[in-house]
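In the form predicted alone, a lone chain appears below as C-alpha cells.
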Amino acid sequence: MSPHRTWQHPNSALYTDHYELTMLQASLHSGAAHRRSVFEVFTRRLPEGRRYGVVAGTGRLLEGLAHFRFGQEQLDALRAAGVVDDTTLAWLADFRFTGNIWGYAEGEAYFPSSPILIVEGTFAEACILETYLLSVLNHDSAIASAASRMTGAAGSRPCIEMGSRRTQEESAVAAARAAIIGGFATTSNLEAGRRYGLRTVGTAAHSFTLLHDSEPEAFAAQVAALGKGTSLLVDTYDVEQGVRNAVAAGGPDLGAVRLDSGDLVEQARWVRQLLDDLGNHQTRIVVTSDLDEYAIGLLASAPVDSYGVGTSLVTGSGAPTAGMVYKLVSRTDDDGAFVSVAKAAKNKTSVGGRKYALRRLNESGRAVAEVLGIGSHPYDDGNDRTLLHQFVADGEVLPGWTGPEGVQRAVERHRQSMAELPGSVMRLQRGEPAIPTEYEEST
C-alpha cells in the first residue's frame, strides 16, 4: 500500500507523567534545570528466559518529537489543573528540544544494559521526554521481540500480523509497524499500511460465510469478487466439506484455504493430502487461531504455507513490555565539568557515564559480545560493528530514520542482525542472553 503523507501526528506533549513537569518546576527553581545532562535508555534484564530483544519504536518517537510542543491548549490544561506554576508554564511555552539523540538502529538486537537510546541536552529538556520515549520504546520493542521469535520459528514461511482487534486502535498501528520490523511479511491493519507503506492483506471472516444461505454460495461470491487467488476460510461448518466446496469454487488456481480451529498439525496434513487428491497442488494452507512462537514451532513439520498471528503478537507473547528504563548517567557540575552519576538501589543499579557500544565479532563475523565503553569508545579489534547512530543533531531529526523509509531500513537491520548472532537465538527453550555484555572503562 502506498503511504499517505498527509497524516497529522497528534500533539505528544501531554503523553507524559505528572512528575516529569513537577521535576522540571523544582529544577528551574533550584537552577539545576540548565545543567547539561546525558540520559540513557536500557533494560537491566531480558524477559525471563529470552535470549535477545529487538529495538523498535525509534522512528515513531522521532516523528512524535517534532510534535512535542506545549501549545495554548496544553498550557491551559496544565494551568487549570494547577500542575505547575507560571514560571514553568512560560518555560514550556517556548520548549523545543535542542539536544542530540543517539541510539541503536531500529531492528537491531539488544541485550541487558545495551544503551538503546542516549539523550543529550539540558536536564529540563531531556527530563520531560522520559515517559513519552519509554512508552513508545517499551511497547514497540516488546512487539518486535515477540515477532522476531515467531518469524525465527516460522523459518521461510511468511507470517501475517492480524492483531488489531486485540489492542487499542493506535497501539494496533504501532504493533503492525513493529511486527514488520520483527520479520512479519504483511499486516491486516490499513492505517499502518497508509502511514508506513506496508503491504496489507485480508479476505473474509466466518460471518461472511454465515451471511449466505450456504457455504458454496459464500465461496462462489468471494471468488467472483476477489478472484481465484483469494483465501477461503474452510472451518465454519465441516472442514473436509469446506475444502471440497473451496476447490469447487476456485478450481485448481485457488490461492489458499485457511484453517482457524482444531488440531492444526493433524488437520493441515490431511487437508494437504485432500487438496492434492483434488488436483489443487498449488493451493496454499494458511493457519491462524491463537498462534504464538511455540505453536508455530510445533507446526514446523506440518505442510503449512503461512501463519496469521494476532493476540499473542500484540501483547508481546508473555512479555508485554520490554522493561526499559530512562536514567541520568552523566551531568555537569557547577564548574561545567561532566560527572558520572548512577543509581545504587538494590536490584535497580545503573552504571554511570556516557556509553559507547559495539558488537564484537569473531573471525567468522559471528557476534560474541556486546562491548560498552564508559566515557570513550571501546577497543575495536578490526571487524567489530559500532552500534550507536545519531538520530537528532541540535534538535533536528536526521533523515532516513522515519516514515516508510525508516521501516524498510529497520527490516533490513533486523535481518542482518539476526544473521550475525549465534544460532542459539533461534531456540525457543529458556536460556541466558545469546552474548554477554562487557564493559570497558576509559583510562
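A quick note: this is a predicted structure, and the numbers were derived from the prediction, not measured. Note that residue numbering begins at 1 and tracks the sequence as displayed.
One more form of this protein exists, namely the form predicted together with another copy of the chain; it is left out here, but the text below deals with it.
Chemist: Which pick from Arg360, Arg272, Arg194, Arg354 sits with a heavy atom within 4.5 Å of another copy of the chain in the model of the complex?
Modeler: Filtering the options by heavy-atom distance leaves Arg194.
Chemist: Among Val341, Ala93, Val265, Ala248, which has any heavy atom within 4.5 Å of another copy of the chain in the model of the complex?
Modeler: Contact with another copy of the chain in the model of the complex is made by Val341 alone.
Chemist: Check for me: heavy atom within 4.5 Å of another copy of the chain in the model of the complex, for each of Glu240, Leu259 and Ser301, yes or no.
Modeler: No residue of the spot touches another copy of the chain in the model of the complex.
Chemist: With another copy of the chain left out here, work out from 393 to 401, 379 to 387, 48 to 56, 29 to 37 which stretch has heavy atoms within 4.5 Å of it in the model of the complex.
Modeler: Going through the listed ranges, the match is 29 to 37.
Chemist: Look up in the model of the complex whether Thr321 has a non-hydrogen atom within 4.5 angstroms of another copy of the chain, and give yes or no.
Modeler: Close contact exists here: in the model of the complex, Thr321 approaches another copy of the chain to within 4.5 Å, heavy atoms only.
Chemist: Arg427: heavy atom within 4.5 Å of another copy of the chain in the model of the complex?
Modeler: No, Arg427 sits far enough from another copy of the chain in the model of the complex that none of its heavy atoms falls within 4.5 Å.
Chemist: Quick one: is Asn138 in contact with another copy of the chain in the model of the complex, heavy atoms, 4.5 Å cut-off?
Modeler: Because a heavy atom of Asn138 falls inside 4.5 Å of another copy of the chain in the model of the complex, the answer is yes.
Chemist: How about Ser188 - does it come within 4.5 Å of another copy of the chain in the model of the complex, if we only consider non-hydrogen atoms?
Modeler: Answer yes; at least one heavy atom of Ser188 falls within 4.5 Å of another copy of the chain in the model of the complex.
Chemist: Using a 4.5 Å cut-off on heavy atoms, which residues of 191 to 229 contact another copy of the chain in the model of the complex?
Modeler: Those in contact are Glu191, Arg194, Arg195, Thr200, Val201, Gly202, Thr203, Ala204, Ala205, His206, Ser207, Phe208, Leu210, Leu211, His212, Asp213, Ala221, Gln222, Ala224, Ala225, Leu226.
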